[in-house]
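One chain is shown next in structure tokens, namely the form predicted alone.
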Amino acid sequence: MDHPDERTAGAAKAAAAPGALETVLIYHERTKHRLERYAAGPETLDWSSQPDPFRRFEGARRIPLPLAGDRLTTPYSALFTPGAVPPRALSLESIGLLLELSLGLSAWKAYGPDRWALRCNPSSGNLHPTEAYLLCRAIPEIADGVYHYLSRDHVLEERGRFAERPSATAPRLQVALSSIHWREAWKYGERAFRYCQLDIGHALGALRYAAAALGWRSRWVSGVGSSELAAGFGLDRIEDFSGAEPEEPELLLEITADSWAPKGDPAAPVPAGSAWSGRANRLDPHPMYRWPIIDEVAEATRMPASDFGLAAIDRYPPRVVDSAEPAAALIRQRRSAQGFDRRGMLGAADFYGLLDALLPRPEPPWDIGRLIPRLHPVLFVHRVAGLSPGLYILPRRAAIQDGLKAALRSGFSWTKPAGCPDHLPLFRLAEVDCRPLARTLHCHQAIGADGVLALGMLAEFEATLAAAPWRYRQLHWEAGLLGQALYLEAEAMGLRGTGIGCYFDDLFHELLGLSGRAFQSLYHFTVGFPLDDSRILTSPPYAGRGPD
């Protein structure tokens, strides 16, 4: 693991190191799971010495946030209807709601002597490498400055207080996300960088859904590079991270409560003379392994101060969402399924509705950035009423369909199923019982075959990275966004989903007839009827506080 002061030293070695694109391609190939061997990881795990799952800053002033999720009755369906949710004013309470329903705890679980927290944003292995920082200006009850969100206690930690009040009078809220690579690498070794990026995508989705429940908009802020982000939110303050695991800056979000659009610098810079406080805690005092390739790919994919690449996307008819369930309830009940009932059968209407939610429309979560969709689900359909079991594909961009046809196996049928909505670009590739293959493909895990469906997300890989290697991160963020949409849509239908990070990359590619790097699989997912383990006890997330 590199500390913040080592990042600058990396620039001096750039001339001798492989180019950024080559580094990314080497990393991606090296971290594939294969039938004959898994990606490099720790040989053993001592769960009693797991890294602390909560970053905190000792000595920083804490501001308790209200707990009001139980009182938020916004129906889930309203999140997708423009103007259906009156925007709340930016305040301490509304910011508390945003964080409670996106990055906050959703429950505590216990089994025997073990106790662990669940959060509204899912994470690979429930390890949670994602951290969130807020930049607040002119918001009632919050001094202008930079704050870290500590989900364990649902508090803001004041990291930096601004030396001066800006001239703008309108409230302004920005959220920066970072990753602590060691949290994932402790368990997953070299593949951890992939999982950290997927978790950023899930966090993006979680924040967008929570903002929509408050009538707010959120968007990625372009023009802010990794170094600017690190400086603006104190992530490059060497003295504050001395002896602690570093944080890798990821991206910046602007949250708006009305039609007001912030003017001026998109990064809302910290004024000179601002006062910083707090020292980061050490998460793992005795790390047993080092994975230098994670530092290398992180450096190769740091974002320049450039545009995200916004563009027009395909247009689809408005989606019909009938769920009257409060959005807050669905968000907080979201879990990763541990097992599925193999007798469950999904109705065709729900199946098509689930896939319809993955099409990029100007609604949450896709309106967070008007990006060209680069990921396309390939589905193993096991049990859907009226639909033949088999292999299907959902190209999420009309212009890529011919490219996919040319790249995939020539014998695929590309048949639109009878009864499929006209606007839904779903095609059957092969009619076959693929449950045994899906189980093998997903590292021999039963969840690959026991749900009603499983899927892998094919990314437009080589061309995307050739244009900008840092988009390796962005492709994973899109995959995480797809996963978050699947999680919540499944919950709204009485189902449950789970992300699958362990799969045999090239076995999946061989199944599809893919060669080369034009398309690569980045994330897998499965949905079904969950089986609950009654031995695991559940308790409220913030039982000691109660609602405010």
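Keep in mind that this is a model prediction, so the values were computed, not measured. When you see a residue number, it is the position in the sequence shown, counting from 1.
What comes next is about the form predicted together with a small molecule, which is not displayed.
Proximity to the small molecule in the predicted bound form, defined as a heavy atom within 4.5 Å, holds among L198, L204, A327, V452 only for L198. Checked against the small molecule in the predicted bound form, the residues R335, R172, R88, R219 give one hit for a heavy atom within 4.5 Å, which is R335.
Interface residue remark: V384 is not counted as part of the site for the small molecule in the predicted bound form, having no heavy atom within 4.5 Å. Taking the partner from elsewhere, S124 is found to have a heavy atom lying within 4.5 Å of the small molecule in the predicted bound form. Contact annotation for I500: at least one heavy atom lies within 4.5 Å of the small molecule in the predicted bound form. Taking non-hydrogen atoms only, L118 approaches the small molecule to within 4.5 angstroms in the predicted bound form. Proximity to the small molecule in the predicted bound form, taken as heavy atoms within 4.5 Å, picks out 444 to 452 from the listed stretches 172 to 180, 372 to 380, 247 to 255, 444 to 452.
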